[in-house]
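For reference, the chain that follows is the form predicted on its own, supplied as C-alpha cells.
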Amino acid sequence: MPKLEYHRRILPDSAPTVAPGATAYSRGVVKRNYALVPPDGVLPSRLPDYRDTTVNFLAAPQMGARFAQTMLLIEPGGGTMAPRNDGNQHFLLLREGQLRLKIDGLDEIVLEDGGFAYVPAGLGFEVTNDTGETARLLEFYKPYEALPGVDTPAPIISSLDATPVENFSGQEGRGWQCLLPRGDMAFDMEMNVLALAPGTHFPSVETHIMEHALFMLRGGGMYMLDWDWHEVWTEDFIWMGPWVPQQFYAGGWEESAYLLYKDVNRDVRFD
C-alpha cells in the first residue's frame, strides 16, 4: 500500500511549489448533513496523551457528527504516554505497520496490518510502535449508550483476514465482514467492512435514521450524498448524518471496500 501524505500535495521535483490552479480545486465537501474529507486537505496536529504521533482529525462533533474519527501516524518509538481512557468506547484498525496493544485486563498483543480492536467504555488501552517504520492507526470513538440490565461489551481483538465474508443481500458482487457482533444488543454500534465488485451498486437510494462514518479501504467509485454525486478514492472519509440520501457505485478495475460505522440497537434521543 503506498504511503499517503496528509499534510502536503506530492509534486514532481520539477513542478512549482504551488501548481497553477491547485488552490482552486478540492474534492472536499462539508455540509450540514454530510461531509467528504479527502486526505490531501487534512492538516496534522498533536495530542497531549501521545508521543511522536501525528493526528489527522477526519470527523468530530464540531462537524455535526456524534463521534470522532482520526488517523494516527505513530512514529518509531511513539505511542500513548499512559493508558488512554477518556470514558468513550474505541474502535481501532491498523492500516499500516505494527503496534503493541495493551487493553486493561488483557495480555499485551502485537497488532499487525489489518488487525483491529474494540475497547469498551471504561477500559484504557496503550499502543506502542517498537518498529523502525511509521504505523497508521485508524481510531473511532464515541460515548457508549448503556442499556439497563445489559452488561457492557467485552473487548474484541481480531483481524480482517480472520473475519469471514458474508452476503446478506443476495446481490452478486457484494460482501460484508462484521467486525462487531451483529444483533448483539450490548453494542450500540456496528462496524463492518463492505466490499463491492466493479460495477456493483446499492439496489436503491438509502434514506434512514442511522448515522455513518465511512473510510475507503481500497478501490473507489461514485458516491451520491444528498443527491450530489462525488468521486471517492482509497483513503477518503465520508460522514453521513441521519436520513441523508445515499447510494454508491463501485468503479475502476478492482474491488472497492470501505469500513462503515452505524449506530444501531437503541431508541431515538430527544437531546
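Residue numbers here begin at 1 and follow the sequence given. No experiment lies behind these values; they were computed from the predicted model shown.
Below: the form predicted in complex with a small molecule, not depicted.
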Legend entry - Interface membership of residue 208, the small molecule in the predicted complex, 4.5 Å heavy atom rule: yes
Inset, instruction - Indicate whether the small molecule has at least one heavy atom within 4.5 Å of a heavy atom of residue 106 in the predicted complex. - result: no
Legend entry - 4.5 angstroms heavy atom contact with the small molecule in the predicted complex for residue 246: yes
Legend entry - Partner proximity in the predicted complex: residue 217 to the small molecule, non-hydrogen atom cutoff 4.5 Å: no
Inset, instruction - Work out which of 123, 160, 194, 180 lies within 4.5 Å of the small molecule in the predicted complex, going by heavy atoms. - result: 194
Inset, instruction - May I ask you to choose, among 50, 233, 57, 202, the residue with a heavy atom within 4.5 Å of the small molecule in the predicted complex? - result: 202
Legend entry - Contact at 212, 240 and 262 by the small molecule in the predicted complex, all three, heavy atom at most 4.5 Å: yes
Inset, instruction - Among 146-154, 74-82, 112-120, 194-202, mark the stretch whose residues have heavy atoms within 4.5 Å of the small molecule in the predicted complex. - result: 194-202
